[in-house]
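Presented as structure tokens, the chain that follows is alone, the form predicted on its own.
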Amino acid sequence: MSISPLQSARYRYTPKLPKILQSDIRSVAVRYGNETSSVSDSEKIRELFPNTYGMREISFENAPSTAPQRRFTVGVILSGGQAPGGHNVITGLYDALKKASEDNVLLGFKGGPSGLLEDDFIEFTDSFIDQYRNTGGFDIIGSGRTKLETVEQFKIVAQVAKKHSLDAIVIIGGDDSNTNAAVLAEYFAANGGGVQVIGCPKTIDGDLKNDVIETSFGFDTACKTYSELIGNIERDANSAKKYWHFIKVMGRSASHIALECALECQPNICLIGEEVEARSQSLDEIVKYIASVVAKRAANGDNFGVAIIPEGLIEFIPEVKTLIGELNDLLAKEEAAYNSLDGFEAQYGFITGHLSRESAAVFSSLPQDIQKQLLMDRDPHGNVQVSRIETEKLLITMVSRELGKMKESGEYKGKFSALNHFFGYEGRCAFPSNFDADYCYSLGYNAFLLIANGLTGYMSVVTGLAKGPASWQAGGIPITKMMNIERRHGEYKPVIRKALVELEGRPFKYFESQRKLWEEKTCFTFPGAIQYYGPEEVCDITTRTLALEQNC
């Protein structure tokens, strides 16, 4: 089979590990920290997780291990959307298992959680796993979005685990996938299954983080990939000097990607959903803001620019967020009645007849294309699929209309020609950056240490990431620490709380201090392609977000 020169070279890359993980496994011991509590709703979370709630944070230190030396059989799944580095989590886990004993076995269950339910798996070997080292994608075993949440499903997983004598299951996924991991760990703990469950923090959106999890894997690579593309567009815009580019980037529930790309590329406009919500900015106010920037630049003779828009922006606009919440609940409760309707006209009448007066008015004010996009099939969690809502086109249309009004009143004399882009899948399966290759390998390697020490219901954690891998520390955090109660599918359920952009945090504050300059002047920067070989300050650099957060 033919492979690219870079693919061949990346197979040979040796990921860097924290010093503690370079040690012989028998000389690494657990250090227990403080007991934990959930981020909120602690009484309810404790009630739902009586066997795994309140566990201590742990770290690893060089000391004689008290973990029993025995044979392990471990299962692993990839869950949810792809993120660069997932393959390295698996190779790190595999290498740690084999370093402990060649008799240890790693089974990869195919297609995500459904692989566990269907007992569809592959046993990893050296020759097979070597084909996926340091590569992007989840094609090693595939992924899926099946949720593990019912007792019937847990019983099937228990049967599969018993059949293969599994000691542990590692779930590599985002907040929802790791919520499933916590629930599954509680089930085994309550029912004496003897199977440990460990999670690994994956999502390019960057919203699986807290005071211990500094970043989710894939965020670094995805942002660098998008930033390269945005930088290319900025260079083109500054060359042609005749187009405004509206670029939507991934980030359904948080604007971390948009903010990171803005810090890397210094566009003229970057909207941050969390700020829009905090300031209760209406859609009309957002349109007027963008139009004012376009007009200011036109007055300087610059009829071009770049605007970055987070994928989930529309859900942060207060009146639209309320509308979407009502739509999600309505379509969950009245699914059968809604699906029986024939044609958009009937659907429109049904929807506006069941919404509150305020939300019905907002829905009616939107272009029909956007209305239809808001009514498309829900995602597996019962939410609108915001990636399919063409917010960037909506803003172009509305800004164009606003500029037309401004031109009539003499407030604007420029030319507005706009192009739209959406960068999503382009970043999810890229070759992982050196940072993600190292980080993910460390997360997988560390996951085995958690298993070897008998821990369950924990997330694999590597910290100190703003500096080089030699300085990184390894440990684990109870997944229940990150949980709260949220409304999903019209019901209240335990879930991991998503981390939003902190408006008082250093990354946003720096952006806020610079954006007036970026609006009026052309301050574009061009990150270029991800570099894998060369000076460390180019190849191993982390995100601007992480550097600012850790003041590095």
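Position 1 is the first residue in the sequence shown; the rest follow in order. Here the structure is a predicted model, which is why all the values come from computation and not from measurement.
What follows is about the form predicted in complex with a small molecule, which we do not show.
Using a 4.5 Å cutoff between non-hydrogen atoms, residue 114 does not count as a contact of the small molecule in the model of the complex. Although the partner is absent here, residue 311 lies within 4.5 Å of the small molecule in the model of the complex, judged by heavy atoms. The shortest heavy atom separation between residue 438 and the small molecule in the model of the complex exceeds 4.5 Å. In the model of the complex, no heavy atom of residue 84 sits within 4.5 Å of the small molecule. None of 305, 476, 251, 92 but one reaches within 4.5 angstroms of the small molecule in the model of the complex through a heavy atom, and that residue is 251. Residue 387 is the only one of 104, 322, 387, 463 with a heavy atom lying within 4.5 Å of the small molecule in the model of the complex. Each of 203, 425 and 428 comes within 4.5 Å of the small molecule in the model of the complex, counting any heavy atom.
From the list 367-375, 351-359, 338-346, 74-82, the contact stretch for the small molecule in the model of the complex under a 4.5 Å heavy atom rule is 74-82.
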